[in-house]
Every structure is written in structure tokens, then in C-alpha cells.
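Let's start with one chain on its own, the form predicted on its own, as C-alpha cells.
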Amino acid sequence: MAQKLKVAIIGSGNWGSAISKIIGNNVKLHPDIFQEDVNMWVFQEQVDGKNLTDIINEKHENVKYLPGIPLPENIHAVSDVKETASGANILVFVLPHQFVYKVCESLKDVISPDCKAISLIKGLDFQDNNLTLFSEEIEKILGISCACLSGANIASEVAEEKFGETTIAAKTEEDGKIFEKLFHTPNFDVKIINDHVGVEVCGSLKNVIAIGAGICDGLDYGNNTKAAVIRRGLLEMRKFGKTFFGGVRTETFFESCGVADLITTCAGGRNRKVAAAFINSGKSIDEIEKEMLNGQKLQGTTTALEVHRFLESKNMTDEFPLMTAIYRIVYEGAPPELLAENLRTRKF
């Protein structure tokens, strides 16, 4: 009999808790493949004077980041990331991208030799005048294979079991079958492809375009303008992927990780909401983020910064007028009306 796979979830915010509900239920549905108990790493916080890990393990609910949603009883909150991952065969990374390097470095000496990973992280990292993908960084640091998952997946809707789709890019057919069993449900429809670069580029850049959609809403520009932002944004995303990352497939932009995720994020995601509130607030977007997100972090603002630094290093900011305008409005105090001015450039 083949060894049963032990799954560990690295992260426990809004999205991490939502995905833990799917994983906790699916490992029980496939007892021939997976061990039933699943550790979930929780960054320790105090909520009403109690450890968040204790609350999750007692109430089976993440009362801070996903209140009102019961989690399976086989999900065990653990405050030590090494303890969480020890002996795991599958690591599910679902944490803000600014914590990836520190967490991975701490795991190097505890992971199993046969371990594999999947990244649910949406972001790109700029270093040494280059952009890197987080699945590739995880692979490099830990020396293991890393797939990625991204799609039109607003966490609260996934947790409430409203129908949605997602895209998984797996490195092998065998890995794809395992990840499909781990994540697919009747209401969370998984499609396996093998373009991990395209999946991650889409998942990262759509958050930047969602900031633009929020600026539109904050200025009360209406749906026609927001549709233009979404269309131009998709074209800039595709151009960016094709220009700077080899092998990105055009058809990936029409999967759930592409146009569908862009639409849903521009309609109801946290990047859009915070950006809309930021306009005319007289505050920085960081202040609005703290007021609205209960300790969670935006991905669109940091990705906009990383992308702009990269484009500046290539002297190509003018080739991506929409993403450049979004960066300038958020970080340089440019008037938000710059967004519409850049739409009029007719580069696309």
C-alpha cells in the first residue's frame, strides 16, 4: 500500500482559512491518498485575550479572518511553522508574499525529501533588476517541486460554497491528479494546465488592475470606464507576460486564473474596495488598508510597486500606461484623473 500523503497549510488568513475548509473535507473523502489530520500554520495573535490558535482549535472557526464559517475538525491550528510542516508530503503556501522567504528558510531542515508544494500566493518579487515567481522561489529555497493555484476565487464566496472555478498549473500529470483530488469539489471546479508562469503572472497583475477599477469607482466614472480599465488591463497583463516571461500561453489568459479572476477582482475584491475608499479620503492607501482590512494586506499595491521598479529598470514604463498610472496615483500622489488620461493614449 502506498504511503498516505500528509498535507500542511502554511498560512491562515482569509484565503488560507477558506482553502483549509476544502482541504480538510477532501482529505477525508480520499482516505486512500491522504492522511486525515491537517496542520495549518497560524501566525499567533491575541483575540479577546486568547491565542488565535486556541480559538480555532476549540471553536473550529477563524474568528478573526473568516468569521462565521465552520472549519473541519481535522484542521489543527499550529503556531510554530516548523512543527506545522514537519513530516508533510504536501505544503500548501497561502500567505502574503512578503513572508515567503523567511518562512521557507525556516523550513529547509524539516521538510521530507519527497515533499512537494503548491503556491496560492499572488505576487511577483523584484530583486536584482528582475522579477521572480514565488513558485520558483519556493522551489529554489526548498529544493522541491512547486505547482500553483489561482482563479476567480473570492475567499468568502469559496468558504460559503458558492460555485466558482480555479486553475492549477502542475509540473507533472501525476501531481495534477493529486492536486485535483485535494482541491476539487462540486462547487470549486479545478482545471489542470501546465503553464505555471502564465497562471502566476495573471494572479499577480490582476490585483494591480483591480486598484485601477477601484480608482474608477472612487471617481464615480461608471461601468463603461471600468470596462475599459479591465480590457486594457488584460491586454497589458498579456503583453507583460509575453514580453518578460518565456512560454506564457495566450489561452491561459482565458482560464479562470486570467480574465475570470480579473473580472471578479475588479468587481468585488479587496484591492478594488480599498482603492475606491482611498480616492478623496485625504489619507494614504496604507492608512485605508489598516482601517478596512482587519490586519490583512493588499497585494495590488506592493505588486504595482514591484512592477514599476522593474519597468523603470527596463526603461519601459511608457509601454504599460495603465499600470504606470496606477503606480503614480498610489505612490507619487498623482491626481486620480490620470487614470482616464492614460486610457486615452490608445496604445491598445
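Note that the structure is a prediction, hence the values are computed from the model and not measured. One rule holds for the numbers: they count along the sequence shown, beginning at 1.
Only in words, not in the display: the form predicted in complex with a further copy of the same chain, which the text now covers.
Novice: Tell me whether E157, K191 and L343, taken together, all sit within 4.5 Å of a further copy of the same chain in the model of the complex, counting heavy atoms only.
Specialist: Every residue of the candidate spot has a heavy atom within 4.5 Å of a further copy of the same chain in the model of the complex.
Novice: If contact means a heavy atom within 4.5 Å, which one of 5-13, 322-330, 335-343, 19-27 is the stretch that engages a further copy of the same chain in the model of the complex?
Specialist: Of the options, only 335-343 has residues within 4.5 Å of the partner.
Novice: Which listed residue (E73, E136, E180, D80) meets the criterion of a heavy atom within 4.5 Å of a further copy of the same chain in the model of the complex?
Specialist: The residue in contact is E180.
Novice: Just one of H196, H184, R270, H97 has a heavy atom within 4.5 Å of a further copy of the same chain in the model of the complex. Which one?
Specialist: Checking each option against a further copy of the same chain in the model of the complex, the one that comes within 4.5 Å is H184.
Novice: Examine T250 and determine whether its closest non-hydrogen atom to a further copy of the same chain in the model of the complex is within 4.5 angstroms.
Specialist: Heavy-atom contact with a further copy of the same chain at 4.5 Å: present for T250.
Novice: Although a further copy of the same chain is absent from this view, report whether R231 comes within 4.5 Å of it in the model of the complex, heavy atoms only.
Specialist: Yes - in the model of the complex, heavy atoms of R231 and a further copy of the same chain come within 4.5 Å of each other.
Novice: Can you work out whether N153 and a further copy of the same chain are in contact in the model of the complex, taking contact to mean some heavy atom pair no more than 4.5 Å apart?
Specialist: The answer is yes: N153 has a heavy atom within 4.5 Å of a further copy of the same chain.
Novice: Might F245 be said to contact a further copy of the same chain in the model of the complex, defining contact as any heavy atom within 4.5 Å?
Specialist: Heavy-atom contact with a further copy of the same chain at 4.5 Å: absent for F245.
Novice: With a further copy of the same chain taken in the model of the complex, which residues across 230-268 come within 4.5 angstroms through any non-hydrogen atom?
Specialist: Residues within 4.5 Å: I230, R231, R232, L234, L235, R238, T250, E251, F253, F254, E255, S256, V259, A260, I263, T264.
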